[in-house]
Each structure stands twice: as structure tokens, then as C-alpha cells.
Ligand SMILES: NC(=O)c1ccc[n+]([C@@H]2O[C@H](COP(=O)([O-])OP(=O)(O)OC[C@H]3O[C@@H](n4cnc5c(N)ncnc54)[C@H](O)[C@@H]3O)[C@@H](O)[C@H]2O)c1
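Below, in C-alpha cells: the form predicted on its own, a single chain.
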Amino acid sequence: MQTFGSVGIVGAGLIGSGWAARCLARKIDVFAYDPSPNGETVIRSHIDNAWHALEKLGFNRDEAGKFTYVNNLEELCRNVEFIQESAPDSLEIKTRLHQQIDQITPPDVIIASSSSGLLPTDIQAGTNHPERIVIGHPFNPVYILPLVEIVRGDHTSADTARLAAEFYEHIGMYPLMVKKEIEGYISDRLQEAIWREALHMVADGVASTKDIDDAIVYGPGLRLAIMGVCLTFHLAGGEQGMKHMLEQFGPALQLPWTHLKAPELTENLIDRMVEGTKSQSEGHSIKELERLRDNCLIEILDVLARYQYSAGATNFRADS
């Protein structure tokens, strides 16, 4: 497996910072750049917060890779072996940025985008070396959650996808190769379906934001964390598995239980969503909630790791 000694992070938001923290924990040197005037302050603050979780995973900050913030793309691109772009998910921004990076980066350096739904073929447009551009879509918090979806564009080479997967495995992630280029990839399309239905229920007065979250965290969310959707429903069919489940519950698919089209985001719906989540988080800052989330995720992963099952088998620990 090929390893990488230095990584370039373009974008200092939550995702870019999460990539930086994960790579630093794996003793990889990180060069970071963001065009905003406070980019360095923001990314250092996010990395500091991530280390509360990383230390629980056994990582020692004194043994981490070296972090360097640079003031221009040129300096970043000439110092790294792999680039992870995490700019805002705008096709205009990403195509322009990838064209810039492609112009100044040696052609053997992989350029991966953290896009959460754009097509890699579109992002590759106008570059001289589109074969080394690929999607590497992570999930927040990147420094804990192991999933990364790899999506090839029309011009992405098989070697690029393979090497990207090896890099992600090296930093303790679970690379999922998306078989077909599609908007939203796999996981976000599933999340989007739940999100749209949640918005409908709030808009229709069926449930509050807290009701919706409770309906997940006290029930199916616990199962999904272990076995996902399909295997969970396979078990719902008893000894006959999925076949019996589909025979028994398949007719319900014809009932008007869900809305796939998103509701109109009226001012009233926006206010209800904002007020509901504000009430849910009352008394806790965002940073406090992030640390609570991180602590709970680590303990869930620890349980799964004892059984070497599902996400627990990725073993993103200092001693792995």
C-alpha cells in the first residue's frame, strides 16, 4: 500500500479542518490554505477542538504530523503528495479552483474533492490532467467517522481511484467505491430522503424537530448504526429474511406514507425549524454539542470495535 508523507488541504471549514486533524493524527504533514482572511484562525480552532476526540482515540498531539498554513495555492501545491479540496460545494467555485490547482501541481499528484453531491466529470472540466481528479466525500466529523465515498468521473483513471482508496485506508477510513457517477452519491441521497420527509412533517404540523430526532435516536438509528438499512430489514423478515419482509411489507410501498419531493421552504417553515433546534440545543454551545457528539460516537465505535463489526472494524486508533 502506498503511503503519503504530506497532504494539502484546500479549504479551512469543518470538512477541511476534519481532514487536517485526521491526517495529523496519522503523523502526516499537513499544508493548508484558505482564501478567507481568517482562514488560519478558523482551521487551527477546529483542529484544537478535534484533538479532544483524537486523544480519546489514543493519539498523542506531540507525535502528530507537522501543520503548516500557507498563504497561497502555489506554496501548498509544490509541497504535497496528495490534495484534498474542501471548498464550498459550488460547481463554479470548484471547477475554477481545480483548474488552478491542476495548472500548478505535478501531474502525478492526486486531487480529491470533498464535494457532497457534484459530478466529478463536471469538476474535471477544463483541466489538463482530469485523470487524477476524483471525489473523496467524507462525513462530519471527518476525524471520527470512517466513511469516504470515492466517485470517478468520465476521465478519472482506475489508478487514481485505487491510490485514493489506499490513502484513505492509510488514515483509517472505509473507502466506498460508488459504482456509477450520480448526483448526491449514495449516503447523501439516503440522508436527503429522511431530511425531506422531516421537513414535510414539520411543515404539516405532524411533528416538532425534537419529535423527529427522538423518532430516530430512540429507535431505528440504533439499529442503523450497526447493520444499515438492507440488513436490518432482512432481519425483519424472520427466518425467511428479505423475501418474507418484502412479501409482508411490500404492499405498504404503494401507500402515501412519504413525500419524495421537498416542501417549499417558506419563512414559516424555516422559523419552525430554527426555533425547534434552538430549543433542543438550549444551554449548550455548538462546541459543547460537537464534543458531546464526538464522545458518544467514539464509545459507539468502541463497542463495535470489540466485535470487529461494521464501522468498528476500521480501527482508527493510535495503536492500529
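Just so we're clear, the structure is a prediction, and the values are computed from it rather than from any experiment. In this text, residue numbers run from 1 along the sequence as written.
The next section is about a form of this same protein that is not shown, the form predicted in complex with the named molecule.
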query: Stretch from 153 to 161, 214 to 222, 229 to 237, 88 to 96 whose residues place a heavy atom within 4.5 Å of the named molecule in the predicted bound form; finding: 88 to 96
query: Contact test in the predicted bound form: residue 248 vs the named molecule, heavy atoms, 4.5 Å; finding: no
query: Distance check, residue 25 to the named molecule in the predicted bound form, heavy atom within 4.5 Å; finding: no
query: The named molecule contact at residue 116 in the predicted bound form, heavy atom, 4.5 Å; finding: yes
query: Residue 21 within 4.5 Å of the named molecule in the predicted bound form, heavy atoms; finding: no
query: Selected contact from 79, 140, 187, 71, since only one has a non-hydrogen atom within 4.5 angstroms of the named molecule in the predicted bound form; finding: 140
query: Sole residue of 263, 58, 35, 65 within 4.5 Å of the named molecule in the predicted bound form, by heavy atom; finding: 35
query: Residues in 5 to 25 with any heavy atom within 4.5 Å of the named molecule in the predicted bound form; finding: 10, 11, 12, 13, 14, 15, 16
